[in-house]
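So this first bit is one chain, no partners, the form predicted alone, shown in structure tokens.
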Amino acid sequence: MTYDVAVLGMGAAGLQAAITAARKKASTLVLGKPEDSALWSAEVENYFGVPRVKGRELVSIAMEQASAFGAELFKEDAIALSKEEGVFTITSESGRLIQSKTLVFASGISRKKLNIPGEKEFFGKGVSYCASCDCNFYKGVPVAIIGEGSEAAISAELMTNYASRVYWIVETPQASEHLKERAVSAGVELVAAKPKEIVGDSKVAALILSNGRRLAVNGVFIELGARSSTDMAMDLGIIPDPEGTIKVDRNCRTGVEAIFACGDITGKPWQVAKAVGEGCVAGTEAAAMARGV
């Protein structure tokens, strides 16, 4: 089956886009993990008509609404995108291949930080938040990947093509078994511990773990979530601005045909009201394009 609309992100913008598209009778799919959205852990008190509510309550209600209107919700991350003959192919972390006529980016832009000693001091000197961006700088040297989700698993596998040794620091893996097995098969060493400190002189020399182990590494990649939307957008020819946001017009269209974006990924203000409004516009426009109305 080829969906009319595929939405990446299960937060306020993505779920509103799905609700709107599904109500327009477009076949709609949403991929993402609701607990990874910025809204999930937030306390909301400035949203129109709602005096105070927990973000997860809004997300849960919106998921029910989207499903009730016919949208399908897959609670897994997208890890790769491609387009051939006018149809997008999405690869999910479980290895599922999904096709869609239009695509809506709605998964935010935040780069989560560890907030451990050495992280800030060695940023750009061995500490990176994007393995796919900086992999070429670490040829032939040992590196550590830190993170529990799909982004860390993919980055660990990727770095086996460049680094002399790859450690994946992960206490409780959240990535799918499919991605975990791929990383291990590629030669990644899993280390069950928490990162404690990044040390070195002018650049990274080692990673100290909570169990006292010292890993001699020259690169530390902090990959704490899903593969970012901006990384995947670049695979389709969309170039984010220096802040990592995607420019859109008033109809939430990007510079690439049949691709829309909404929510935090389009820039400030990072508010639920903006996310919901843009989600409505993006869902409406994507549905209309897919159905030719």
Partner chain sequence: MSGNIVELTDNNFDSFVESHPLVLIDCWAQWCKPCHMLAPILDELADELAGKVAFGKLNVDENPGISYRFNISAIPTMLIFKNGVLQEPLIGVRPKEDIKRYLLSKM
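Numbering follows the first chain given and starts at 1. Since we're looking at a predicted model, the values are computed, not measured.
One more form of this protein should be noted, the form predicted together with its partner chain, which is absent from this view; the next part is about it.
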**Contact assignment for its partner chain in the predicted bound form, among Ile239, Val50, Ile61, Ala68, heavy atom within 4.5 Å** = Ile239
**Prompt:** Thinking of its partner chain in the predicted bound form, which stretch from 94 to 102, 175 to 183, 189 to 197, 131 to 139 has heavy atoms inside 4.5 Å of it?
**Reply:** 131 to 139
**Asked** So in the predicted bound form, does Leu224 come within 4.5 Å of its partner chain, heavy atom to heavy atom?
**Response** no
**Item:** Contact flag, Asp36 vs its partner chain in the predicted bound form, heavy atom cut 4.5 Å
**Value:** no
**Prompt:** Quick one: is Asp235 in contact with its partner chain in the predicted bound form, heavy atoms, 4.5 Å cut-off?
**Reply:** yes
**Prompt:** Counting only non-hydrogen atoms and a 4.5 angstroms cut-off, does Glu257 reach its partner chain in the predicted bound form?
**Reply:** no
**Prompt:** Any chance Glu72, Phe74 and Gly263 all have a heavy atom within 4.5 Å of its partner chain in the predicted bound form?
**Reply:** no
